[in-house]
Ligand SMILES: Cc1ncc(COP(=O)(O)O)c(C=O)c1O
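We begin with a single chain expressed as structure tokens, specifically the form predicted alone.
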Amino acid sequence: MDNLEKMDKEYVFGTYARDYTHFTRGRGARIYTNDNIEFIDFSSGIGVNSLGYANKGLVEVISTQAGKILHSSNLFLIEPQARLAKKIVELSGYKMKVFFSNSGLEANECAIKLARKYGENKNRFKIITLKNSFHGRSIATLKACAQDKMHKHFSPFPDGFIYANDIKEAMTLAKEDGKVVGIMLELIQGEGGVRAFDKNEVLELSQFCKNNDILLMIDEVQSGIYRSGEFLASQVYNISPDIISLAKGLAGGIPIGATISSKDVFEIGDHGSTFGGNFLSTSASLYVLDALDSYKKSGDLALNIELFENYLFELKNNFSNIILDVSGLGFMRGLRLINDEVLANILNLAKKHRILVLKSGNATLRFLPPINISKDEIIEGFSRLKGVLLEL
């Protein structure tokens, strides 16, 4: 055991099944160990490094801002925060306002508070979430996850969450319970098997919510920021949610979260964040969104998503004995496998073949590459993954 591993085990809480591979630098979708061993990264820090590693423009923006102001306070005007809010709203196409925080769970906490405040005068406070959902690890967002395994050890939890097996049951439960203020879902379930919900069902849910004054709350912590091929997966589904939560790829690796909503019910003191939306995170995010917006407009994003998808289906066809299906949308994809044992074996062999991939629920191999991953990196990554499957 080297000194760093020993130090980590001695001083850091053991909450992660940590792999002690020691990465020290990266470029694009390639990341290197302290021994200069190169990996292709199809995980991008679990969907965070939207521009890959060491993007020159992002490095320059971060360095420049660090030489000016990293942080002041939300009690004062923060120019890049105002500009970023405007940029997010314009890219979304919705008439909304933005609250900035530091992570996905904080963005979802804000969404829950916003919904509760909206329903206060109507005596409605319950929120319906869907089976296999994941919305965060705070006490409230943990309870919002419709997974029994997430609810061990930490009770008592706050009341007001109802679980539905699917969208149709969610609408039925909302009809039966007059206390429901919102229905919250991930359009593509990241932890739940990279499952993309049926577009017609989502459209039906959207209309149901509008007809019954129930808030449609879309968790885009993982599916947002061009991962679906559009700025928001909500745009792919052609819906207009009442509340959307964002995080992960929004600032290319700098912690940030955002809650955007058409329901402007918060008043001074209703919510806050010390670090949320500071100079550093919002400056970085402005650069990321400008870069990805240009990338999408060039047509290269769509071409690379198509290439990535073609390789996934090629693997499914060539290894049909272990791969059941391709799931997800855009650059948020999964390979549904025959069982969890095969998934574990692939993850073990992937390290040997120098390719980084992720696991998801329902025996699914998950892919979250950098949004701007190059054609060459895609080809090389799948060559290595094919080597994994051939050895398996």
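All residue numbers refer to positions in the sequence shown, first residue = 1. On a predicted model such as this, the values are computed, not experimentally measured, just so you know.
One more form of this protein, predicted in complex with the named molecule, exists but is not displayed; see below.
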Query - Within 4.5 Å of the named molecule in the model of the complex, all of Ser228, Glu309 and Val326 (non-hydrogen atom) - result: no
Report summary line: In contact with the named molecule in the model of the complex (heavy atoms, 4.5 Å), from 73 to 81, 274 to 282, 103 to 111, 150 to 158, is stretch 103 to 111
Report summary line: Of Phe99, Tyr237, Tyr118, Phe134, the only residue with a heavy atom within 4.5 Å of the named molecule in the model of the complex is Phe134
Report summary line: Among Ile243, Val221, Ile127, Leu292, just one has a heavy atom within 4.5 Å of the named molecule in the model of the complex, namely Val221
Query - Members of 180 to 194 lying within 4.5 angstroms of the named molecule, judged by heavy atom, in the model of the complex - result: Glu186, Glu191
